[in-house]
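In the form predicted alone, a lone chain appears below as structure tokens.
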């Protein structure tokens, strides 16, 4: 089975976020970076499928030159080779531009299975996987909690709302977005780190940037503040007014 895993480099969760001068993205010149956590679970699932059914695991990332560090980390964990779609603009690009860049790099490889994390830790829209599936012409399933390879296809378990799950089958090739917690992550060994230095990272320059479907006008940190509103009247009147505000303003009750 030939498996591609799309991974992203994101700012570490412990880093103190700062907004850049144009107020359109974070200031990342002095930030520290790490592998996007949901993508780490997708990588682990790919490695487990390879161990059970043999094949090849290829990691692919779309981002600036610094994204090569997460590709090396994925190679150290056990991936066979890597593809780096390198462009500075992809660091903060929307899902459509990223998916377009990834699709161009993956299309000719003819993968049996493409895995992505459910969403990224920075933008968190959860759209790259589904848009990529459409661009590659693959059936897809999202929020996957379990993957079983069967003759000619896959049987997967999806997480739904309210504690419900759904089993479904897909033909190959297919694309899955993996939910965090599907498995237990492995860490790179010293042997894996040494071996990763000899593994291939093929650099790809996107031919033309896709037109973004959205534009980030400005970002800012939530304002902290306290606001107290007194409800006049008798206890019964105050209780009635409180219920009305919870229902109509806060919409926390029906």
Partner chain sequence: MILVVAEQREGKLNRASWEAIAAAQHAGGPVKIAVLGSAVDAVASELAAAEAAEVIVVDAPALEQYTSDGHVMTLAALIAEEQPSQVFLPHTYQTRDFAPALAARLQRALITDVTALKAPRGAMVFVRPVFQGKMSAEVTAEGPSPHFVTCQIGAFRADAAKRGSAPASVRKAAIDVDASKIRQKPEAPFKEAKQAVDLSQAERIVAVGRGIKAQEHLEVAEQLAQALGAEIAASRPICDAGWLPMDRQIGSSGQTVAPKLYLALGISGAIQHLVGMKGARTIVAINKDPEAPIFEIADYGIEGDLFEVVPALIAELKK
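Numbering follows the first chain given and starts at 1. Between two forms, the rigid core is the largest collection of C-alphas that superpose within 1.5 Å. Computed from a prediction, not measured in an experiment: that's the story for all the values here.
What follows is about the form predicted together with its partner chain, which we do not show.
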With a 4.5 Å heavy atom cut-off, would you call residue 109 a contact of its partner chain in the model of the complex? no
Looking in the model of the complex, any heavy atom of residue 161 within 4.5 Å of its partner chain? yes
When the contact criterion is heavy atoms within 4.5 Å, does residue 80 count as touching its partner chain in the model of the complex? no
Indicate whether its partner chain has at least one heavy atom within 4.5 Å of a heavy atom of residue 105 in the model of the complex. no
Partner contacts for 124-143, taking its partner chain in the model of the complex and a 4.5 Å heavy atom cut-off: 124, 125, 126, 127, 130, 131, 134, 137, 138, 139, 140, 141, 142, 143
Tell me whether residue 234 is among the residues that move between this form and the one not shown (Cα shift of 2 angstroms or more, core superposed). yes
Taking the rigid core as the frame, does residue 17 move its C-alpha by 2 Å or more between this form and the one not shown? no
